[in-house]
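Read the single chain below, which is given as structure tokens and is the form predicted alone.
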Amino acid sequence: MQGLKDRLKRWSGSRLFWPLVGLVLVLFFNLIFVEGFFSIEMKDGHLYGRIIDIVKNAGCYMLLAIGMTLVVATGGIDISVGSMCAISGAVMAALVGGELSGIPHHSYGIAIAAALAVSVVLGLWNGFLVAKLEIQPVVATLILMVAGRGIAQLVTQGQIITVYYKPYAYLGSFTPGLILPTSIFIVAIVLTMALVAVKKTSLGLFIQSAGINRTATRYSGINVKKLIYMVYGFCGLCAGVAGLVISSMVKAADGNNAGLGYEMDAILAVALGGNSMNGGRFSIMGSIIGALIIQSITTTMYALGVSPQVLPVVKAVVVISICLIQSDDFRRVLADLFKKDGRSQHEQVAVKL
């Protein structure tokens, strides 16, 4: 029994333990209250089911959370990623074209490369405002958050561009020959790149150092400004990839609504993943779990027939509950309360005797 307690104590010290507990609780709720939630079936060579839908639809959140995690780890934040998603999708759709013939204006590869290049440039712009001009990250990225929708509308000329080119839809659904949705493989590639960069090189240590104490990091010989440029540029890249997936899901580019509100879910995923919003130590895998929690809650509410108008309230209550579970201070307060109650009961029994 003591060995089990020691093991649980050791596991609870892991950064991924409490995010995993939150995800397991949500899935356990579905096991009890949502019939057939875990059922999976094969159709036309592809796997379908609510679990598959959760991972597929969480792909955009996971992509944004990967980039956001590194930004937050430096002590910054990027609230413009939703607008960058809209711009990326708009550039992609504008280059591919929307003719009924299904023949693209430009090469599909060129369109993807252009959309991602624009996203990286926009990320570097945010990095320039934060690192070079030393504008507070919230204010610096708010500029692009507001202006980005206008840029996307200019690219699409205020229209919703519908694309009939078949491969365009593969990013957001299934690619022929693949059992799982394409977005899962895209997330796996970006996640692997990020993990290799922060785990197998000194980059992860530099990012943590910049988040903990930027001045000391600069005095130690690390080019903090260059580091911030790199982090915001990578966050822009992740937003660009997410924008392509979002646009592909609906086979169109909507500069006004694409990625709307996604920046808040990306930040929430980072927080649910157990990462400190003050910067420093971070866990990309924790943010991935946080994104899965958000999408699991959304899918659960829709499966239970919760109205879209009520959904944000229910979602907020569940998220707050999970955050409280993850809070060390909250658990410590509860433990102290139980201890006090136990002592008071013991004292009352002793007095009666």
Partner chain sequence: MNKLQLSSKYLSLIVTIFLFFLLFALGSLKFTGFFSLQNFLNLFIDNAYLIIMAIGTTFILIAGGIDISVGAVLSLTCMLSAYLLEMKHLNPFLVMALMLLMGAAFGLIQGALIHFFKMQPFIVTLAGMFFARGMTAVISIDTIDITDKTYELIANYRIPVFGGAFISISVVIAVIALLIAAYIAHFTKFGRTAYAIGGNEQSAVLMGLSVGRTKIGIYMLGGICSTLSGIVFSFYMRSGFTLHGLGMEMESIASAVIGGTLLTGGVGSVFGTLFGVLIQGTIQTLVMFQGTLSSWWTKIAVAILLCLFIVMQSLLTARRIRKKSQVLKSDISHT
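Numbering follows the first chain given and starts at 1. Since we're looking at a predicted model, the values are computed, not measured.
The discussion below concerns the form predicted together with the partner chain, not included here.
> Which among 88 to 96, 184 to 192, 114 to 122, 262 to 270 is in contact with the partner chain in the predicted complex, heavy atoms within 4.5 angstroms?
It is 262 to 270 that comes within 4.5 Å of the partner.
> Answer with yes or no whether L31 is in contact with the partner chain in the predicted complex, where contact means some heavy atom within 4.5 Å.
Residue-level check for L31: no, no contact with the partner chain.
> Would G45 sit within 4.5 Å of the partner chain in the predicted complex, counting heavy atoms only?
Output for G45 is no: heavy atoms all beyond 4.5 Å of the partner chain.
> Please run the contact check for F338 against the partner chain in the predicted complex: heavy atoms, 4.5 angstroms, yes or no?
Although the partner chain is absent here, F338 would stay clear of it in the predicted complex, with no heavy atoms inside 4.5 Å.
> Would K225 count as touching the partner chain in the predicted complex under a 4.5 Å heavy atom rule?
No - in the predicted complex, heavy atoms of K225 and the partner chain never come within 4.5 Å of each other.
> Going by the partner chain in the predicted complex, which residues of 311 to 326 come within 4.5 Å of it through any heavy atom?
The stretch touches the partner through P312, V313, K315, A316, V319, I320, C323, L324.
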